[in-house]
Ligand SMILES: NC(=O)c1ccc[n+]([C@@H]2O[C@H](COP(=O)([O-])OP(=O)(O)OC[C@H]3O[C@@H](n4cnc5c(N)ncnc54)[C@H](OP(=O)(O)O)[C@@H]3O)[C@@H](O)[C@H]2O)c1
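Only one chain is given next, in structure tokens, and it is the form predicted alone.
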């Protein structure tokens, strides 16, 4: 008969958390390497941190080193030690954002929704829709990205901070997509100095946007078919040293990036909540038959009560992506 041993359970939970923390340190070290230009030769490395523990880096080691090690082969990294459980799932999930060289552009979109496909109530309220596991995941995505993008409606309704306060890691540059340059200037992200903030607007609104926020904050691009040229926006960000972008919301914004074929990956976190009437997530044109529906390759990760579906859109297009082999079944992060 199985018996519950509180002391043993607590010890095991501590071990799991330590493994996850080590995996996250490895992820942050790989991102730092990419941002520094990726100037490390093939070989084995271990993660080292500053005394404060906030700047993990990679130091050369040997394959026999029992500490965390990675090996780069053909431009891609792979963990050198055997990872298990939640730590292995964490690395599997984030590996497409980690196995990149310094010049590789990468764009990932994410939506958190109910089981009936709603991301908010009719009034726009979305607080507590996603559980703690997916909220931690959002903050990790921010830490791994160079820029986090949100639409004007999301910025107006949620007044988000878009920082990494839930996890260790640097906050990305915040980019608000506001084609008409009409967002209220009192939004928190324009004043908190927690991270640099840019406003992407239509070129004809650049003068108005510059007057409101200053020229250094404005990214003006052309309008194509009634919407901003998102590919041009991503190119401008990459040219500014921000090649890895995270499109956090809302539903219309993620939909437009998807329709413009600008996403490498799409993630949809489904919470066990029924909203009923509310704001939908993806809003795409319909197709005639189920056989005509897109079925991109995907993986599933459990985050507490939420299920995260991770879709590989570039693989669906027939293009190669930098990724570890998919894990079998449902992987548990937390």
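Positions refer to the first chain, counted from 1. Computed from a prediction, not measured in an experiment: that's the story for all the values here.
The following text describes the form predicted together with this ligand, which does not appear among the structures shown.
Proximity of residue 97 to this ligand in the predicted bound form: non-hydrogen atoms within 4.5 Å are absent; the residue sits far from the partner. Using a 4.5 Å cutoff between non-hydrogen atoms, residue 34 does not count as a contact of this ligand in the predicted bound form. With a 4.5 Å cutoff on heavy atoms, residue 164 does not count as touching this ligand in the predicted bound form; it lies far away. The closest non-hydrogen atom of residue 28 lies beyond 4.5 Å of this ligand in the predicted bound form. Proximity to this ligand in the predicted bound form, taken as heavy atoms within 4.5 Å, picks out 124-132 from the listed stretches 124-132, 86-94, 187-195, 207-215. A heavy atom within 4.5 Å of this ligand in the predicted bound form is found for one listed residue only; from 144, 120, 245, 175, this is 120. Of the residues given (157, 262, 219, 232), 157 alone sits with a heavy atom within 4.5 Å of this ligand in the predicted bound form.
Not one of 47, 57 and 168 places a heavy atom within 4.5 Å of this ligand in the predicted bound form. Residues 248, 249, 250, 251, 252, 253, 256 are the ones in 243-270 with at least one heavy atom within 4.5 Å of this ligand in the predicted bound form, listed in sequence order.
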